[in-house]
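One chain comes next, on its own, written as structure tokens: the form predicted alone.
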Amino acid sequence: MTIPAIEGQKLCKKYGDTLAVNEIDFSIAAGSIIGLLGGNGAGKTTTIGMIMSLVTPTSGSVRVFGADMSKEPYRVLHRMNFESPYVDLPHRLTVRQNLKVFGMLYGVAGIDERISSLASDLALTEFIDRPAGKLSAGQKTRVALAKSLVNDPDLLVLDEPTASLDPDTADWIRGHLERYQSRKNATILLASHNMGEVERLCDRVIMMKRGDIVDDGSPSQLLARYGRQNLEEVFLDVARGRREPLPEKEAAS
């Protein structure tokens, strides 16, 4: 039996009287690219936090490569990494120093060679020895992606990976992610508000609203289910509750 890359069972998180994630069940196959979508307050960030062992579930469980992340995260953390342009690296350290620190934390062998490879692949060479606090928003995004790839992870969790990038650079980053996933057969969990990005990259989309999973399917299945031309329209339908999915027979016709 193949072990899922990520599996949530009755996964629940409460903050006082606020229910952030409401006993959700999901299973993500290894080697897939999954979009996690929802408006602000949908529960995406909390779900990601529980997957990464940064947030302890109130009840239920989440497993990554078979390891219970609330009890034995040490078994798999070295196979995972996370990227968000909204999480700053230490400003006084240079890009090289930041990558070296994270590489050492992950026990990466040949870290200097790995940094050189990432600098070349992600066009960091020009500012590799510049303090992180003196980078532009787009440069910071590329460095954050390099940090997330430093340990060559089997599971890559991305939160808005192309935020603040111009269209050309964003397209290049998406291409890099596609090539990385193909080479590594990595699992990628992508939270994004860029629906074009989700349509391009994702095999499957999980949609959340107020802590619940309200829909789940491939981009083409969701478009057919809601009778829409693009995922942005589907997202608005779900977020605003303005349109119910079509009956199964009608969606398939």
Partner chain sequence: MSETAIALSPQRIGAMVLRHWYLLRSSWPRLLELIYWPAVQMVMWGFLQIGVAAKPGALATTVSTFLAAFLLWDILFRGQLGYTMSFLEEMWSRNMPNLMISPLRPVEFVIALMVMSIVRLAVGLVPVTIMAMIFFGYNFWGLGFALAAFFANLLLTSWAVGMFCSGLVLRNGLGAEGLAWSLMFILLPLACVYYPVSTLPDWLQPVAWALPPTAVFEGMRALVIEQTFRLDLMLWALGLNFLWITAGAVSLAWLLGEARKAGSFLQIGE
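Numbering follows the first chain given and starts at 1. As the structure is a prediction and not an experimental result, all values here were calculated from the model.
If you look for the form predicted in complex with its partner chain, you will not find it shown, but the lines that follow are about it.
Contact with its partner chain in the predicted bound form, judged as any non-hydrogen atom within 4.5 angstroms, is confined among 203-211, 217-225, 189-197, 51-59 to 51-59.
Distance criterion of 4.5 Å from any heavy atom to its partner chain in the predicted bound form singles out Lys100 from the list Arg114, His176, Arg130, Lys100. Heavy atoms of Glu72 reach within 4.5 Å of its partner chain in the predicted bound form, making it an interface residue. Taking the partner from the other structure, its partner chain in the predicted bound form has a heavy atom within 4.5 Å of a heavy atom of Asn81.
Interface residue remark: Asp166 is not counted as part of the site for its partner chain in the predicted bound form, having no heavy atom within 4.5 Å. Its partner chain in the predicted bound form comes within 4.5 Å of a heavy atom belonging to Leu89.
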